[in-house]
Ligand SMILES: NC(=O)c1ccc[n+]([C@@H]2O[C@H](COP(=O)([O-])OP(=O)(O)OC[C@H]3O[C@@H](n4cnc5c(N)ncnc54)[C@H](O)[C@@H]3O)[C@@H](O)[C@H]2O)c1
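As a starting point, one isolated chain is supplied in C-alpha cells, in the form predicted on its own.
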Amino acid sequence: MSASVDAIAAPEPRAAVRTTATIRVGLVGCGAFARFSMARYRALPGVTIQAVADIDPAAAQRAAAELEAGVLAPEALLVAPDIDLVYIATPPATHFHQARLAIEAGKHVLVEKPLATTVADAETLAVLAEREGRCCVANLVERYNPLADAVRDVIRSNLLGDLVHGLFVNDAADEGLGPGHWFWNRSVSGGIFVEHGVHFFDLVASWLGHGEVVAAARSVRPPRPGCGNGGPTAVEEQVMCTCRYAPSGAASRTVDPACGDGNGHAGVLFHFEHGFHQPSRMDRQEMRLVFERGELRLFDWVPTHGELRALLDDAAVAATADLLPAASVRRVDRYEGDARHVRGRFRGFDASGLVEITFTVGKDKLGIYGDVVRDLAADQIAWIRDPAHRRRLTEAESVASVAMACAADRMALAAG
C-alpha cells in the first residue's frame, strides 16, 4: 500500500485477542438498510447491539427501539469503551473520518461501501487497521453469495472452455432518490463508480483476480428547472467502463503468449454499466459471462438465480450441473455422428448437445440479501474471536475495489 501515515499519531500496536466473549456492536447511521443489517447481526450467536447513533434523533430512537439498544451521539459511539465493533452506515464522504476515529479508539470496523471515497484514505484505514490488529472492511457482500461461489467453480472447472468476456448491466431505480439526495452530490457520494460500482468490481475480482480499467465514460442528466420534482442542476446518472483481467485459467495452466495480439492485450474484457434512471418496478440487473462453449447469466443485483446455455458432452453436462445449486437441465438439441464435432476460436471439441441449465438459491432478493449481510459479519467476527481464521474479505480487497472505482471515475471524467 502506498499511503503514508507519518502525520497520524500512531498508538502502540494492539494484538488481536482470541476471545469467545460477546461482541458488542455500535451502529452509526440508522437508515432502513442499517436497521435491516443490524437485525441480521443481532441474530448471530454471541452478538448484541449495544448502542446506535444518528444525526437525526428520531431515527436513532426508532432504531434503538427496534434493536433494544442505547442511544449515543455519533462521535461518542465511535470511542465508547463498551463497544467492540462499529458498523458505519453513513454517506460515503464520512466513512474515512468515522472509521479512523473508531480504529484509533481500539474498535473493529465494518463500513458500508465504499471503504472511503479516495484510494489514499482507503489505504490509510487499512494501514491503521493492520497496525492496531483490528478489522476494517467495506460491506462488499457480493462475494458471500452461494451463486458467486458457483460461478467461480464453473470458471475454474474449464467445463465451458475459457471465459472470453463478461458484461454487467445495472438499470437501477432512482425513484427514491430525489433531487436533493446526497447520492447525486459527487463530493458526498464519490460518484456512481465509487458509491455503487465497488460491489461489482469486487465480485469480478473474486473470480478473476486483479483487473485494469482500460476505458470509461459517463452521461449526465440535464437540469430540468420548473418541472415539478425535476432537479435544478445536472447530475451523473449513467457510467460505464471496460476492464481487462488475466486470461481465464492462467493461474492453473501455461498461457501461450502467441494467443495475444502482440501488444500485451491477451485477457478477459469485462464491461460494467451502472445507471440510476428507472422506476422502482423496472429496477433490474444482469450479469453475462461468455465462454468458448456457451454463456452463463445471473439476475438481480444480489443474484438470486441464473441460466446457463452451452454446447457440452454428457459428462460435462452432469459435472456442470453438479456445480450449480438446485440445477435443472433441459436438452435443447441432441447431436450424433459428425454433428458432434464443433469448432470455435481455432479449436475443436465434441458436444453431445445444446443444453440449458437453470439454477437458484431458492430465496427471493431480500432473503439472499439478508444472508450475505449476515455471512459477511459472521466471517469478520470469527476473525475477531480467532485471528487464525481466514477471512473471505480483507482490507486489501476493500481497498482494491476503491482503486478500481477511482480509476474508472478518473477516466470517465477525462473523457468528458
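These numbers come from a predicted model, not from an experiment. All residue numbers refer to positions in the sequence shown, first residue = 1.
Beyond the structure shown, there is the form predicted in complex with this ligand, which is absent from this document and is the topic of what follows.
Heavy atom within 4.5 Å of this ligand in the predicted complex - the one residue of 368, 34, 357, 49 that qualifies: The residue from 368, 34, 357, 49 that makes the contact is 34.
Residue (of 145, 98, 320, 170) lying close to this ligand in the predicted complex, criterion heavy atoms within 4.5 Å: Flagged contact: 98.
Partner-proximal stretch of 108-116, 147-155, 303-311, 235-243 relative to this ligand in the predicted complex, 4.5 angstroms, heavy atom: Careful reading of the contacts points to 108-116.
Distance check, residue 55 to this ligand in the predicted complex, heavy atom within 4.5 Å: Output for residue 55 is yes: heavy atoms within 4.5 Å of this ligand.
This ligand contact in the predicted complex: residue 247, any heavy atom under 4.5 Å: The answer is no: residue 247 has no heavy atom within 4.5 Å of this ligand.
is_contact(residue 59, this ligand) in the predicted complex, heavy atom dist at most 4.5 Å: Contact check for residue 59: yes, within 4.5 Å of this ligand in the predicted complex.
Residue 275: touches this ligand in the predicted complex, heavy atom cutoff 4.5 angstroms: Contact check for residue 275: no, nothing within 4.5 Å of this ligand in the predicted complex.
Members of 390-408 lying within 4.5 angstroms of this ligand, judged by heavy atom, in the predicted complex: The stretch does not touch the partner at all.
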